[in-house]
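Quick setup: one chain, the form predicted on its own, written in structure tokens, and binding and motion questions come after.
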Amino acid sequence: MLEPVMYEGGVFKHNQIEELVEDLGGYILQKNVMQTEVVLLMLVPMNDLNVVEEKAKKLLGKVTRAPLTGSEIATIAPTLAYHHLPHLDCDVAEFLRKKGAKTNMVGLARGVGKRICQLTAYERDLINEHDIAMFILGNYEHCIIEKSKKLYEGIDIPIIVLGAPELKTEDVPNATAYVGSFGRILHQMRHAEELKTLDKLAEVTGTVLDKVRVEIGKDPLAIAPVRIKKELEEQIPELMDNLHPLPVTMQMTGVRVKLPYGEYHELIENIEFVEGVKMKEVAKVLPSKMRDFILIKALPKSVTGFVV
């Protein structure tokens, strides 16, 4: 079992942490260097986590659990018009990125009004490509509840709803979790109480993702998404020159590859692992609704009969 963690420390000798994690059978997902500081998002074998923590102490760094690591979250606003507050949407998306998630902002075409709001088929399919759908709504309890009755139709991933009133999750139809104290905020969230609200959101999101991990563990994936990412980066040299942020984006059950589907899907389907199996035997290679990208979804063990 691999544990998602974040290492924060100095640039000096941080390569020792990278080498240690890889020697233990873990993976480095992302590295951000900021002048003299470095942040590593990693997957570390649970039984060896104490070894990594001891090494981090020697380097005067720290290791913390980062349950959002390796997930892709859609942050959804009714529209991107000013009265639906891109300020708040950007703050939420950026904060979740700092906690290890990859976020994509979605502004709906027909999300206005509690009586007429709806999703288009394209928006629904695009949202379903993510691990979590996070709807950022407004100030009024009645509006949030009415929209929740029909706005989430066809969405089959966990739904987290944000709004101003303090409601119980069971009061919001079809929501997996509800977080209050958001709503229509007309400024950047930088005050102490607002930062506490963002911390609470990260905690709730991590809890939802941990439940997803438990469900996946009941029928393990035939191949781990991080293994797919590693093989793609080693066998497709074009990814090294790709200018998109995170050209191979991790998800809970697969990866998003930022290469044209028509040009690369056959090459990816026929990638061969050292175990002798090909990608198409352990995962589905699909066209993404996001631009012309490629979506790879790992098959469960119950379908393949084996785990790589």
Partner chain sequence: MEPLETISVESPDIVGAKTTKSLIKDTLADLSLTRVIVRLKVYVDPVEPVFIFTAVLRLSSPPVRIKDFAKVEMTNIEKDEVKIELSKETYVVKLLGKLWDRYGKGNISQPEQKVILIQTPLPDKEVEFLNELIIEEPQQEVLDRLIDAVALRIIPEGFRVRKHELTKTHIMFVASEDTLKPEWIERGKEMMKSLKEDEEYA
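As the structure is a prediction and not an experimental result, all values here were calculated from the model. Residue numbers count along the first chain shown, from 1.
There is another form of the same protein, the form predicted together with the partner chain; it is not shown, and what comes next is about it.
Colleague: Please identify, from 118-126, 138-146, 222-230, 195-203, the stretch that has a heavy atom within 4.5 Å of the partner chain in the predicted bound form.
Modeller: Correct option: 138-146.
Colleague: Against the partner chain in the predicted bound form, would residue 79 count as a contact residue? Criterion: heavy atoms within 4.5 Å.
Modeller: Judged by the heavy-atom cut-off of 4.5 Å, residue 79 is in contact with the partner chain in the predicted bound form.
Colleague: Is residue 187 near the partner chain? Define near as a heavy atom within 4.5 Å, in the predicted bound form.
Modeller: Residue 187: contacts the partner chain in the predicted bound form.
Colleague: According to a 4.5 angstroms non-hydrogen atom cut-off, is residue 164 in contact with the partner chain in the predicted bound form?
Modeller: Yes, residue 164 sits close enough to the partner chain in the predicted bound form that at least one of its heavy atoms falls within 4.5 Å.
Colleague: Is residue 113 one of the residues lying within 4.5 Å of the partner chain in the predicted bound form, judged by heavy atom distances?
Modeller: Residue 113 belongs to the contact set for the partner chain.
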